[in-house]
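Just the one chain here, the form predicted on its own, laid out as C-alpha cells.
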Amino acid sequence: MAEDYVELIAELIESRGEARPVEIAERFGVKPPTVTKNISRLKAAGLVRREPYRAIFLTDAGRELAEACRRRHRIVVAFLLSLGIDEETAERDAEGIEHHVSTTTLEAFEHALLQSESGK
C-alpha cells in the first residue's frame, strides 16, 4: 500500500504540482475516508506530511521510496518489453510484479537488459 501511494503522490505532484486526497481516491477507486486513513499511516511512517485541508507532500524518505518504486517499475517494464510483450500488457503486469520481485531477480532483469543492449 505504501509503495502504491507514494508512487501516485509523486506522480501527481510532478504532473499537477500537488497531490490531493480526492485525486488519490479517484485514481485508486476508493472512498476518501480510505485515503485519509492510509495517509495517516504514511504520515506515521514518516513518508508524507500534510496540514489539515491541504495537499499531501512527500518527505525525503517518501521521495526516496517513490523513486525506488519507479526505478523497479521501469526495469520490470523494460524486461517484459524485451521479451516481446506488448506495452499495455507489460505496464499492467509490471504493476503486480514490481511489488513482489526480489532484489536478486530485479538485478538479473537489469543485467539481462544491459547485455541485450550491448549485444545490439
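Each residue number is its position in the shown sequence, starting from 1. Owing to the predicted nature of the structure, the values given are computational and were not obtained by experimental measurement.
The form predicted in complex with another copy of the chain is left out here; the points below concern that form.
Interface membership of residue 80, defined by any non-hydrogen atom within 4.5 Å of another copy of the chain in the model of the complex, is confirmed. For residue 64, no non-hydrogen atom is located within 4.5 Å of another copy of the chain in the model of the complex, even though that partner is not displayed. At a distance threshold of 4.5 angstroms between non-hydrogen atoms, residue 15 is out of contact with another copy of the chain in the model of the complex. Remark: residue 45 does not count among the residues lining another copy of the chain in the model of the complex, judged by a heavy atom distance of 4.5 Å or less. Out of the listed residues 26, 86, 51, 60, 86 is the one that sits within 4.5 Å of another copy of the chain in the model of the complex by at least one heavy atom. Just one listed stretch, out of 36-44, 51-59, 88-96, 67-75, contacts another copy of the chain in the model of the complex at the 4.5 Å heavy atom level, and that stretch is 88-96.
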